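A single chain comes next, written as C-alpha cells; it is the form predicted alone.
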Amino acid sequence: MRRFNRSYTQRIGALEDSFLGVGLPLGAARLLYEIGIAPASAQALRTRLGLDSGYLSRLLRRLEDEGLVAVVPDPRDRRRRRVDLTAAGRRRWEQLERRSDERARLLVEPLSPRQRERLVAALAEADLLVRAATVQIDQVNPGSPAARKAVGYYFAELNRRFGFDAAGEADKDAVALSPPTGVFLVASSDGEPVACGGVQTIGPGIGELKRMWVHGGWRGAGLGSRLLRRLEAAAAGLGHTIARLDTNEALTEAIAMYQHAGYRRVPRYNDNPWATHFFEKPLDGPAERPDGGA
C-alpha cells in the first residue's frame, strides 16, 4: 500500500507545489474541485473531505484571497457559510479539469486496450476496498437527518425490489430504535450514508435487527458483514443473548449473508406482512459497546 501511494502520488503530480500547473497545491486544488462539483456550506465541505476545521479555513482563505471562491452566509441558515466559485474560480476549475484529463490520458496512453481495461477494473476494486476500510460507523438518533436519509434509501430499495409500502414506518423507528432499549447505526463515507441498521428490544434477552441496508455500489466489499457484526455487538451491549431478524425472499443477497454469519431459520415470530423468512442467532462472547469500544 505504501509503495503504491509513493508511486502514484509522484506520477499524478501530487508532490508538485503547483498541482498540474494550476497555481495551487494539491489540497487547495482538491477543495476547489469539490466546490465546483457541488457548492456547499463550509461544514458540509469539511465533512465531505474529512478536513480539520482549521486547515479548511486556511484553504478557503487562500482561495478567497486569490478571488477563486466567495464565502457568504447561507440564505437557508444564516449561522452557516456557503462557499461557491467566482467567475475566476470557474475558469480555474475548468483548467484543472482539462489538465487532470490530460494527465490521466498520458498515464494510460502506453497501455494496450486490454491493459487499460485491467487497470480500470483494478483501480475500481482498490477504491471500493479502501473506502470500505475507512468508512465510519456511528450510533445516531434514529430521528436525525442522517438516519432518515439512510432509511429513506432503504425503503426505496425495498419498494423497488418487492413493492414495500413505508407509510408510518419511520415514526415507529424513532421510538423502537432509540436508547435505552434500541440502537441505530449509520455508516458514512464522504459525508453520505452508505449503510445503516438498528436493534430493537422485542423480549427479555432478545434483540431484533431492523432496517439493515447497504448501498448497492458498496456490496462485495464486506461492509454488510462488518455492519452486521456491529449490530450484534450492539445487541449484546443492550443485554441480549439472542438476535432475531426477518426479511423478504426477494432479498437473496441478505439471506445468504445472514446464513453465512450463522443465522438459522426459525418459525414466524411476528406479524410483519412483508416478511417471508425469519432467522435467529445466539449471541455470546464479551459485549462491545455500539461505538466500538470494549
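Start at 1 and count along the sequence shown; that's the residue number. Not measured: the values here are computed from a predicted model. Take the two forms, find the largest set of C-alpha atoms that superpose within 1.5 Å, and that set is the rigid core.
Here the subject shifts to the form predicted together with the DNA, a form of this protein not shown in this document.
- With the DNA omitted here, the record of contacts in the model of the complex names 44 to 52 of 249 to 257, 265 to 273, 229 to 237, 44 to 52, defined by a heavy atom within 4.5 Å.
- Within 4.5 Å of the DNA in the model of the complex, a heavy atom is found for every one of 26, 58 and 61.
- When the DNA is considered in the model of the complex, residue 105 lies well away from it, no heavy atom lying within 4.5 Å.
- Within 4.5 Å of some heavy atom of the DNA in the model of the complex lies at least one heavy atom of residue 77.
- Though the partner is left out of this view, residue 98 does not reach within 4.5 Å of the DNA in the model of the complex, counting heavy atoms only.
- For the chain shown alone, residue 131 is not a contact residue for the DNA in the model of the complex, no non-hydrogen atom being within 4.5 angstroms.
- Exactly one listed residue, out of 116, 219, 81, 161, brings a non-hydrogen atom to within 4.5 Å of the DNA in the model of the complex: 81.
- Annotation for residue 231: C-alpha shift under 2 angstroms between this form and the one not shown, rigid core superposed.
- Put the two forms on the same core and the Cα of residue 77 is off by 2 Å or more between this form and the one not shown.
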